[in-house]
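In structure tokens, the next block holds one chain alone, the form predicted alone.
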């Protein structure tokens, strides 16, 4: 069982576009829900501009608040204003070094497109000493994981699809392994005959059953011809019975709502 500080998480969102209202910060809400399901406590959420002093301040604040896990989103790209990793390194008092594994990941991405490594692309391989890159199967900039003085610091891209892919592929398994002792239950449903766009409000209602339930739909078939949705319901709680109860309540909301829309819904053993 983790102690309280190790369960405490700070979420740092980096980007001018978030603070001027141009972009809605969906990364924060998505991560907060996933972390809550995993049994972590989101202590604070900080949103800062693409200014190194502000980014460094955010990381230092997370450290001062005794957060054992710090996750940032945004600022990992090749341009001059992508500076999250460098500013994180400053907050932890670590030098930036060229990470050969990260460089290989980046080179493979660009060479597959017939593009050379440039100075700006190599910049994405400059990581704090002692950190390791996290593969990005969706985009080009790798994520980054650093364990330093009892703190697990993770930097993820700001593009939601890239952030989610890296979190699900690499971060969530680590957090599960070292995380609080909780019980997780899940159920899989298959819905036929209702497009994902029509099912979305029903899925939203199912997500409101509990802050510790997560519902993800995987469309198959044709959205406007023969739509098929594979739906994964997952919940966590302090007991198996409680977790199963949350999952069943969410499943019932989904069944009732989708059938009302004309779908055929069945429970399946896996997606």
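Quick caveat, the model's predicted, so the values are computed rather than measured. In this text, rigid core is short for the largest set of C-alphas that superpose within 1.5 Å between two forms. Residue numbers count along the first chain shown, from 1.
In what follows, reference is made to the form predicted in complex with a further copy of the same chain, a form of this protein that is not presented.
- Listed stretches are 172 to 180, 86 to 94, 71 to 79, 129 to 137; the contact stretch with a further copy of the same chain in the predicted complex is 71 to 79, by a heavy atom cutoff of 4.5 Å.
- Looking at residue 113, you'd find a heavy atom of it within 4.5 angstroms of a further copy of the same chain in the predicted complex.
- Looking at residue 161, you'd find every heavy atom of it more than 4.5 angstroms from a further copy of the same chain in the predicted complex.
- Interface residue remark: residue 236 is not counted as part of the site for a further copy of the same chain in the predicted complex, having no heavy atom within 4.5 Å.
- When contacts are judged by a 4.5 Å heavy atom cut-off, residue 196 counts as touching a further copy of the same chain in the predicted complex.
- Interface residue among 209, 38, 243, 42, judged by heavy atoms within 4.5 Å of a further copy of the same chain in the predicted complex: 42.
- Relative to the superposed rigid core, residue 79 undergoes a CA displacement smaller than 2 Å between the shown form and the other one.
- Shown in the overlay between the shown form and the other one, fitted on the rigid core, is a CA shift at residue 261 of 2 Å or greater.
- In contrast to the form presented, in the predicted complex the C-alpha positions of residue 34 and residue 196 spread farther apart by 3 Å or more.
- Note on residue 41 and residue 215: their C-alpha atoms are nearer in the predicted complex, a change of at least 3 Å from this conformation.
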